[in-house]
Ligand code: HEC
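To begin, one chain is listed below as structure tokens, in the form predicted on its own.
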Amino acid sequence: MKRLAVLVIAAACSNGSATPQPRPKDASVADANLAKLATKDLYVVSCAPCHGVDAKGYKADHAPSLINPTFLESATDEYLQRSIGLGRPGTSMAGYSKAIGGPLDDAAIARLTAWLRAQGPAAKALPAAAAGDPARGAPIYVKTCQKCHGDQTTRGEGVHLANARFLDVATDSFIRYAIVNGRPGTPMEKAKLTDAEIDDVVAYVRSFGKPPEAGQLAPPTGKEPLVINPGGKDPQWKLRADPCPPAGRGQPACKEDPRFVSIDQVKQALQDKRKMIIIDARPASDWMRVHVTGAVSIPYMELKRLDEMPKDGTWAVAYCACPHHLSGIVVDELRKRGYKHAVVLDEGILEWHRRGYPVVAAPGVTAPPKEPVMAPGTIP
């Protein structure tokens, strides 16, 4: 566990290529008990894989900046604490509160909130949003907002405004402030709309709302069997590697690393009753919401169960929702321990769930919205 900080900071970026990040000053702070970490190191372990060590965002899965000035001006401490604690179901943002199976107690979440608050302006008292007309707001939203923010069925590259947990946490005033003031340094510009049009758009966004999912599976016991189909044959997989960048100009030579297996191949291996281990690298709160059938919960910051891994060549597939970030941490650790047959589920759990592949889900949990269609070679 003392290697955890190094593992987290060396996480792969959203397209699977290595993006080393600065490690905490003292690697010994990487303890399984996150409550013991200094606040910055707590942020690095819990949030940096997606939001970046500098908290400016966009390291994985559309994760936004947490220190953008107009965001911090409009986000209350309650908004930050609830967002950290409850997450954004259906995205890579897990709920980190111990109350729902996450790794952080209220004191740790409060420390994270205070650290984020110290990176920018204090929260402002926001003016109340006037009542708008969602019917009038719909065509304005489609024209000016939908490309980036998506709708009920499809995500965009910006914050998914139709997420039930986001709408449960965000006030109309918070949404209106973002439209009026934008997010400096991002594609989210100040609105070129009248006050009435903005109010109508806010009303339309609010109409996306539905009650957040309340159901949860029983928490993992730590005793779940690791190996699926222990009497089965080994799977035969064709692995993918990220292409190496051109060498030269200070860029070291790179050897391609075939470390990604497609969800179609893993689904077929399950159907054929092949022998394997499937590891859910997300916080347990996400495993308790939905997980691949047969997957064992081994969160990226709590790797103790890796000590139980059989050393007989059994294939181990790790997944997360990023889709390569947290699972890459687990695979890196397995390979350091000598497990050559450790790979990342290429498209991650969200795409697995979208395609209707086998999952165990809590009551009321539905497949996440579709991802936006992106140009070839684009990194989210």
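Not measured: the values here are computed from a predicted model. Each residue number is its position in the shown sequence, starting from 1.
Beyond the structure shown, there is the form predicted in complex with this ligand, which is absent from this document and is the topic of what follows.
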property	result
Contact assignment for this ligand in the predicted complex, among Leu86, Met309, Ile228, Leu80, heavy atom within 4.5 Å	Leu80
Heavy atom within 4.5 Å of this ligand in the predicted complex - residue from Thr293, Gln152, Thr144, Ser207	Thr144
Which of 310 to 318, 33 to 41, 340 to 348, 50 to 58 lines the interface with this ligand in the predicted complex (heavy atom within 4.5 Å)	50 to 58
Three-residue site Met93, Tyr96 and Gly158 fully in contact with this ligand in the predicted complex at 4.5 Å by heavy atom	yes
Non-hydrogen atom contact Met276 with this ligand in the predicted complex at 4.5 angstroms	no
Touches this ligand in the predicted complex: Cys244 (any heavy atom, 4.5 Å)	no
Contact flag, Arg111 vs this ligand in the predicted complex, heavy atom cut 4.5 Å	no
Partner proximity in the predicted complex: Ile263 to this ligand, non-hydrogen atom cutoff 4.5 Å	no
